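Let's start with one chain on its own, the form predicted alone, as structure tokens.
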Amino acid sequence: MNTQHSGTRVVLQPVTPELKKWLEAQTAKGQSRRSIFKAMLDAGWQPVSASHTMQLTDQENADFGVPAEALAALLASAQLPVALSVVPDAVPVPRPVVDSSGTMVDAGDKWVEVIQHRQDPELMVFANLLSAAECDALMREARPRLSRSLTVDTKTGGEELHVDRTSQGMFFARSENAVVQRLEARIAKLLNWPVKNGENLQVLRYPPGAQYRPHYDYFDPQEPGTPAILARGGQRVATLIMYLCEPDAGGATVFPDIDVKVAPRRGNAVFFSYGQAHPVSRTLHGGDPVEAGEKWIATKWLREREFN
């Protein structure tokens, strides 16, 4: 839904059935309206969109939501900025070139099968992108270098520990070894995007109970530390998550805005792109808690320009 405000286009995110279920669940748990509102902001919603959504829901179900007359007081008490949700111009993104059958992509040293493909956002699930030997090699080299995973702090441009991310991780340097070099070349061919525009390959281990709550991978343009981050290669425009070890239970990659759940199958990968650094990209995603066993993944983020 679009509205106009002083000549600026404001996008209000749709109230999906999944979002309604989440709101109902939070209310059933006894969460306050203020805590629900704050959780939406933490997940990447702009205040205007979040407040509008809760008012819409309030019209349909009086048991929860923010009544219009209480909204101003809520914002004031939370001391949250009321910022417009301005949609940036779209930029070019990596785009795999699918063959005439619509099921295979040339990855240079092998052809890779597309087992799921959807648009808005563009999302593909690839089968057997990595061999078992490649998965094992990445885990073996990564294991002694693992430490608690950090997230990018867009307020400062640095890194920080975050309660939403409970995995262990490490980064390989570009072309650090033969396996990494081979995978970087394969990914570049698969996604039709230069090796130099990719961030260093990250390996993550999720033990039982570990998860990554829903989030966006792009850097919020409104945060003060974002310009320093973008100076290293521009915005992130796409993500490739490769599954190195599948857990015995749990650990799916979930996309709440589009009701998609990708099972973490060893050797498979999920790709999604986001040409606009905004929730309108519909790329909110997270990793469900691992219920049994371990989940290992390798993540490659793609930037607009050369990453350094």
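Numbers for residues come from their place in the sequence shown, where the first is 1. Quick caveat: nothing in here was measured; it's all calculated off a predicted structure.
Keep in mind that the form predicted together with ligand PD2 is missing from the display, and what follows is about it.
Student: Has each of Asn197, Gly275 and Phe307 got a heavy atom lying within 4.5 angstroms of ligand PD2 in the predicted bound form?
Tutor: Negative, none of the three is within 4.5 Å.
Student: Within 4.5 Å, heavy atoms only, which of Asp217, Asp220, Glu134, Glu141 is in contact with ligand PD2 in the predicted bound form?
Tutor: Answer to the contact question: Asp217.
Student: Does the 4.5 Å heavy atom contact test between Phe126 and ligand PD2 in the predicted bound form come out positive?
Tutor: Answer no; every heavy atom of Phe126 is more than 4.5 Å from ligand PD2 in the predicted bound form.
Student: Give a yes or no for Thr253: in the predicted bound form, does one of its heavy atoms lie within 4.5 Å of a heavy atom belonging to ligand PD2?
Tutor: Answer yes; at least one heavy atom of Thr253 falls within 4.5 Å of ligand PD2 in the predicted bound form.
Student: Could you tell me if Leu23 has a non-hydrogen atom within 4.5 Å of ligand PD2 in the predicted bound form?
Tutor: Output for Leu23 is no: heavy atoms all beyond 4.5 Å of ligand PD2.
Student: With heavy atoms only and a cut-off of 4.5 Å, decide whether Tyr212 touches ligand PD2 in the predicted bound form.
Tutor: Looking in the predicted bound form, residue contacts with ligand PD2 include Tyr212, since a heavy atom lies within 4.5 Å.
Student: Under the 4.5 Å heavy atom criterion, name the residues of 267 to 306 that approach ligand PD2 in the predicted bound form, in sequence order.
Tutor: Residues within 4.5 Å: His285, Gly286, Gly287, Lys295, Ile297, Thr299, Trp301.
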